[in-house]
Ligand code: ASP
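We begin with a single chain expressed as structure tokens, specifically the form predicted on its own.
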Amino acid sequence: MRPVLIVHGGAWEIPAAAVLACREGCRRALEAGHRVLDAGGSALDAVEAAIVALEDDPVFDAGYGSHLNLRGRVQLDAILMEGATLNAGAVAAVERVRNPIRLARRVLESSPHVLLVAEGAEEFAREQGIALCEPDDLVTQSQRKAWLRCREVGHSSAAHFPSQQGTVGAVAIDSAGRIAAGTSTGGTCCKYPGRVGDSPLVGCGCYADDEAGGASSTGWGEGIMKIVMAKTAIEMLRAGHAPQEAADRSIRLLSDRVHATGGLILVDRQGRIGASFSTPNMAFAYRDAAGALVISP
């Protein structure tokens, strides 16, 4: 089977000044994942590699450069899921892990639990040999400035423009037909400490099932959780809808039922791709059936 990978850098209002950086960030993440797939590696390894590249890129709201919460700290969420077993690993509200997707992988493979949060997740990271960083190591100057503006005038999207950024994710199917999906985020700007959105929740931030497909969500987490958007999209695939139709229908449901905006990427068990969003833009990239790069915006 031809391996397939699609990555996203979030659905949001991408300013013109950030378009090139988003495109390049998605391209580098796609290349990182495809190096794994093209060498015969697993979908799980490819998704992890792609998301690590996105977490390390400060243009996105994941890992280094994430939004700050009300206390001026970064709190990170991530999930990784494999479709063969439906096993998943997730972490939430971690402040000292540079690449939370790597920690989510350890939860998936080395813990009886699905979701670990805050200090407990960081303790598990230490036990697993994952080095912890200082909280300030995750903070960029632009995000600190945006947070200070909000402190002065009250929180608003305008205060963060053009420092707004998006959640990241990836979905892959490898040469053996195995599917994996993952999502990573710093959450919403100026969020209440301890707030957890859709990203680390099975069926909301992502879902993977070898019998149907894989999905990764982005957007307003409180709305995405209410319609369990990633699982909803996968069930549409299972019912026979094509990936693009399933993605479009899921985004319409998000708008119609809970009046929220967001985006979704999909890969079905045949390796067909879908991507849809209701925001002004969504950053995403994949290779088409001919191997040509497709990238947005």
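One rule holds for the numbers: they count along the sequence shown, beginning at 1. Since the model is a prediction, treat every value here as computed from it, not as a measurement.
There is another form of the same protein, the form predicted together with the ligand; it is not shown, and what comes next is about it.
- Task: Could you confirm whether Ser216 comes within 4.5 Å of the ligand in the predicted complex, counting heavy atoms only?
- Result: Because no heavy atom of Ser216 falls inside 4.5 Å of the ligand in the predicted complex, the answer is no.
- Can you check whether Gly197 is within 4.5 Å of the ligand in the predicted complex, heavy atom basis? Gly197 belongs to the contact set for the ligand.
- Evaluate Phe124 for contact with the ligand in the predicted complex, applying a 4.5 angstroms cut-off between non-hydrogen atoms, and reply yes or no. No, Phe124 is distant from the partner.
- Query: Would Gly89 show up as a contact with the ligand in the predicted complex if we use heavy atoms at 4.5 Å?
  - Reply: Contact check for Gly89: no, nothing within 4.5 Å of the ligand in the predicted complex.
- Item | Proximity to the ligand in the predicted complex (heavy atom, within 4.5 Å), stretch among 144-152, 113-121, 182-190, 78-86 | Of the options given, it is 182-190.
- Stretch 114-138 - residues with a heavy atom within 4.5 Å of the ligand in the predicted complex: If the 4.5 Å heavy-atom criterion is applied to the ligand in the predicted complex, 114-138 yields nothing.
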